[in-house]
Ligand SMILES: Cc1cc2nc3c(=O)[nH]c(=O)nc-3n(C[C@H](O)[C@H](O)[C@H](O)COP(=O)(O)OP(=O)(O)OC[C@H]3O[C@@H](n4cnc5c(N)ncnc54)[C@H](O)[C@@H]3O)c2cc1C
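Only one chain comes next, encoded as structure tokens, the form predicted on its own.
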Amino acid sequence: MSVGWLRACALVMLGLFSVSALAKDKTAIVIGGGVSGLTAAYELQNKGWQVTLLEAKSSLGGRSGMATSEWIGNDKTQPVLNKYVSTFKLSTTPAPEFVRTPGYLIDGEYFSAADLTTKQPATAEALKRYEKTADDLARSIDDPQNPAANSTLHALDQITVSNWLDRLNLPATARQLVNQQIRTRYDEPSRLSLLYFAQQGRVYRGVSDRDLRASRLVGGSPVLAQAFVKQLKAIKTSSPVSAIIQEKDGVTVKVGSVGYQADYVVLAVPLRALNKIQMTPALDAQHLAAIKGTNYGWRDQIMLKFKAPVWESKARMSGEVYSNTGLGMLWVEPALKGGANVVINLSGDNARVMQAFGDKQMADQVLIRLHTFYPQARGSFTGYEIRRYSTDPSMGGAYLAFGPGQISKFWRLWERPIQRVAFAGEHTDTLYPGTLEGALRTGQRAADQVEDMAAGKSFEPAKVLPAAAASGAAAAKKGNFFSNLFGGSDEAKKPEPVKAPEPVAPPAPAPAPAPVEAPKPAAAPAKAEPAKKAPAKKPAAKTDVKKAPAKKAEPAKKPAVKPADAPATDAKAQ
């Protein structure tokens, strides 16, 4: 009896040891050190995986923005972001009331929303009309995760936002302010799908500015990135991935001629960076078309530094301030060592036009415009900082902004893994692209998918809406909302030419933590072309896991509004 009992115990112990050993053997490589990649690595490590994070740049945090104290939403609007803020015990401060409604800088004069109603009633009335029409448009979408649910809605994907705005016949100043708001949150109206604009309006319908700007994250999204970094055991920076080779029993990831082997990979880089990574087996034609064709919003962010504020004291430029001139969207950023800083976002075609300028020339152009309205600007100016997301080859833009026809082709394409590779990044989130919330959600989702794949679950190929069905779909019944708004099916087929600009909006950058030793690379000589990696925003933080399915929002007043987290963050942030 005793011998048998000892034998049984030994077998049990051996079994437990084997299970433990197997658990430790689970290996994953996360490519991309933006917020989404950091989240995926953190979640997998917490699940018992051995994780190596590879980042092409020398710093981590991806498209985290320049703001050192950025607005974040409350638990209701950004539950995942708030969960990590709480987990890492990050500092926040409540938002003052005045940042919860936008301000306006019209021909150099600051107006609060209340000022606008009394001093420029025609502009205020036109903005209300725009918001009401945008709200009606958003309300027409029942399910923001399936925006093209019928042929009439599908037809909106063939129309640009600029086409739609033309139909509203807004006065010049109101149209300039609306253009700034849209290009700040997405991209140039003439490059943006009306269906995507409506879908994002549906996501945020009924969400108040009070909920979206509930508090400030002290230190901005970089502190969130650093909090993840501190938890991770194996990080390798300055490691651009050139190739991913999938085999039956694992994956080899090449950085130059060095190969790292793992069971699974999370690919958390923007699409432009993915274009520089050779995949074996190769991606199918639809994925390759999405990499090259998906539109990203353009954004450059400039911080001008002054010895003292040069704007009038009542211009509390600290929420979203939209300018009808070339200044775009701007806000005052707390200066850490005295003085006063103003952050200005050049977005859409304004950023495209400025790409030919060097950093100093670009800062000068912005300073000239500010000096026109505030003559003390030049004398008080002490320096500048710039983040150029649009021309960074590893990013190729600030964050996802579907162009005309692109939802029809690429909707939810990157949500499902391909063999042993799961995808993350703000561009893979259906509800909150371009935000920190979206980036964080996709990191969580990718980590869960890796667990599921290891457990033997298979994922069907992503189903994308057929691109046909749309062309004849614009035939809405005579006299209804759509025919009145667009004037029939002919309009629906022609996107409008690109218009000239005005700038605005913010994403979010991060610091460069010391790289941590990576696990031993698996010998794999083989030449490979170096590739660059890209992170994630706005808001980021822009922001991930498909944990929080889209809730049907209650009707509300506010139209398409992107949360105040950078873009995500990572990113809106990746």
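The numbering used is simple: start at 1 and walk along the sequence shown. This is a predicted model, so every value here is computed, not measured.
The form predicted together with this ligand exists for this protein as well; it is not shown, and the discussion that follows is about that form.
Taking Leu127, Ala138, Ala273, Val321 one by one, only a single residue has any non-hydrogen atom within 4.5 Å of this ligand in the model of the complex, and it is Ala273.
Taking Val161, Val269, Val266, Ala225 one by one, only a single residue has any non-hydrogen atom within 4.5 Å of this ligand in the model of the complex, and it is Val269. Using a 4.5 angstroms threshold between heavy atoms, Leu330 stays clear of this ligand in the model of the complex.
The closest non-hydrogen atom of Ala56 lies within 4.5 Å of this ligand in the model of the complex. Though the partner is left out of this view, Ala28 does not reach within 4.5 Å of this ligand in the model of the complex, counting heavy atoms only.
Interface membership of Gln301, defined by any non-hydrogen atom within 4.5 Å of this ligand in the model of the complex, is confirmed. Stretch 419 to 427 is the answer when you ask which of 151 to 159, 83 to 91, 419 to 427, 192 to 200 has residues with heavy atoms within 4.5 Å of this ligand in the model of the complex.
Annotation for 35 to 63: interface residues with this ligand in the model of the complex are Val35, Ser36, Gly37, Leu54, Glu55, Ala56, Lys57, Gly61, Gly62, Arg63 [heavy atom within 4.5 Å].
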